[in-house]
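Next up: a single chain in structure tokens, the form predicted alone.
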Amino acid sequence: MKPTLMKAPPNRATWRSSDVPTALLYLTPALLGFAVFYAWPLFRGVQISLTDWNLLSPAEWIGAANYQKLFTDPLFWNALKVTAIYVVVNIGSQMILGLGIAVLMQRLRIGTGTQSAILLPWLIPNVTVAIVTLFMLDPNVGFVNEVLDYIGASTHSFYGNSDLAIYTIALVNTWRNMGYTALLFYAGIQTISPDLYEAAALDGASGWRSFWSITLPMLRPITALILVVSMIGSFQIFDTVSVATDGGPGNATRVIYFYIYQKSFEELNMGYGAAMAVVLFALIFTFSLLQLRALRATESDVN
């Protein structure tokens, strides 16, 4: 008697021609939004960067002249340097503090009310934060300097000192964003199986060993997400600089976004501003890909 051959069950993941119209129907709003708000502005930005345009007269095609000018513009290179300092300080402090808060949240088992309080600074607009900290860090009557004077420490003009201004802006925005970062890390920690920590404890691993060998490796995907999102946001810092320092003192806080704004809308040099914006997009895109590749964002492991 011949054995009967059983047919393999149909693969539900296989595309059928009848699924294509339905998929396109659901994708159309997202694709339309991407085209209108991302692809077309990017195309127009590249197009404008190849022209000399002051918004008042027709644009004049000048080719790559704006990009050539970037290489000899000391303010452009200074803006990149200042932005790099801000990005490193802001992301570094935000990641360390956010992860530390997330671990404390996990250990203390805090409730929803405390989690909401931790998130509260992130809900405050950057402009409001800048105005409040202008008063708090005022060199004459600011609360922070009053405390420093009371304990016998030297007072500082945090926003008015060219050596401190960009670090002050970076740490102010770290305070604003670290609660949101902490909640993202906390959500990632919640996905780690408690069995892993129990097995490590049975093997005699200390809390630090479990943190380095279990928590950090398992948080790699969420860490990559936070790094990329934070980096993109840090490169786009503008409002705090505009309100608190206006790019000063000198050029100490003239970040690239603020410099693009000045060239485009104060000096009406739209072509040159668009060229800097295209370069900034290329930098952010490249760094994002490098970070995702270096961290292997789709993987997590346990040593």
Partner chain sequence: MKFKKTAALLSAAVLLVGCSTGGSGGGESGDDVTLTYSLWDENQLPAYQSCTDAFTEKTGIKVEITQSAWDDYWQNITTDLVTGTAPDVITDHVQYYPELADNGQLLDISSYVEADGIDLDQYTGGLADLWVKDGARYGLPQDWDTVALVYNVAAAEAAGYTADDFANLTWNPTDGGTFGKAIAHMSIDKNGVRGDEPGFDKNNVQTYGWTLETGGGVVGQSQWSWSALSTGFEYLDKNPFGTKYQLDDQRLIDTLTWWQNQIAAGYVVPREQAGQLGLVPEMEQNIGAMVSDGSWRITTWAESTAQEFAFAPLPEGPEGRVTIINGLAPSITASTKHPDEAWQLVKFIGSTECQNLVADTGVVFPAITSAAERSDEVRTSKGIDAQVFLDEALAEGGTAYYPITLHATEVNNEAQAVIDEIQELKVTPAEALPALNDRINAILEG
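Residue numbers count along the first chain shown, from 1. Nothing here was measured: the structure is a model prediction, and the numbers come from that model.
The same protein also has a form predicted in complex with its partner chain, omitted here; what follows describes it.
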Although the partner isn't part of this model, could you tell me whether Asn54 comes within 4.5 Å of its partner chain in the predicted bound form, counting any heavy atom of the residue? yes
Leu202 near its partner chain in the predicted bound form, any heavy atom under 4.5 Å? no
With a 4.5 Å heavy atom cut-off, would you call Asp246 a contact of its partner chain in the predicted bound form? yes
Looking in the predicted bound form, any heavy atom of Trp40 within 4.5 Å of its partner chain? yes
Among the candidates Gln115, Asn161, Gln106, Ser193, the residue which, in the predicted bound form, approaches its partner chain to within 4.5 Å (heavy atoms): Asn161
Which pick from Ala84, Leu123, Ile96, Ile131 sits with a heavy atom within 4.5 Å of its partner chain in the predicted bound form? Ile131
Heavy atom within 4.5 Å of its partner chain in the predicted bound form: which residues of 132 to 151 meet that condition, in order? Leu134, Phe135, Asp138, Pro139, Asn140, Val141
